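As structure tokens, one chain now follows by itself in the form predicted on its own.
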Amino acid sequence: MFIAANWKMNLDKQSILEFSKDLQNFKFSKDVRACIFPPMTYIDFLNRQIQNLPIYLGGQNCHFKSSGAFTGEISPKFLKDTGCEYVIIGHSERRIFNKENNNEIKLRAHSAINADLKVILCVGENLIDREKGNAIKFIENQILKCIPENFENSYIAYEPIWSIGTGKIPSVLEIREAHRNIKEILYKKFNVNTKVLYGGSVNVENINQILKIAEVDGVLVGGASLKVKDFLAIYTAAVKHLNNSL
């Protein structure tokens, strides 16, 4: 089980310091992996605050080149050098606001894997495709065009665009169908058994319902991960879910 916290462009140094202090006395489970994706400028700072804790670090994006004249970009090697184990690639906000297309996302994922990072590759449909019944076909197209070689140790995050930050989530049946189809596509087309996270308005109120879906291997949390109390409540829910499943 994997709990990934995407802080996006939130939390300054003082906020991160306070957040980290509240983590120190918490008892983490060896069965649930937690990873925080802070703003790029604070990766090293957060790493120093939690170096004694079983929490992984990740980058929110990386470039498709390891070095070069790319002002404002971040090399996957730099992420690895500052303590990151994971990187988010293809988040819908990057696709929409930064115009990242499927080919560019594939190149970024490939570059990250070459730098020994584990990729969390985001896919998901917009509301129009969902209402027209094209969601699964849309997701399959994203996967086929974005998956690089050597994807065995990486993840897919299913994030329906219409659910991110809106408080709305797909039904249990819709989440199950999406996750099941994603796993089938990856196995049939690429011969990999990939874990799939759910993302999109995950919070304390709906985490138990989401985790009950057998095809869900964890969650990618946005806004609800910015408060340490909510982040730990979501983590605790995952631990309880695993214990109840044994």
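The shown structure was predicted, so the numbers you read here are calculated from the model rather than taken from an experiment. Residues carry their position along the shown sequence, with the first being 1.
The following text describes the form predicted together with a small molecule, which does not appear among the structures shown.
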With the distance limit set at 4.5 angstroms and only heavy atoms considered, check whether G90, E104 and P148 all reach the small molecule in the model of the complex.
no
Contact label in the model of the complex: V202 to the small molecule, heavy atom within 4.5 Å:
yes
Is there any non-hydrogen atom of S163 lying within 4.5 Å of the small molecule in the model of the complex?
yes
Spell out, yes or no, whether the shortest heavy atom distance between H241 and the small molecule in the model of the complex is within 4.5 Å.
no
Is E125 close enough to touch the small molecule in the model of the complex, meaning at least one heavy atom pair within 4.5 Å?
no
Thinking of the small molecule in the model of the complex, which stretch from 181-189, 36-44, 213-221, 60-68 has heavy atoms inside 4.5 Å of it?
213-221
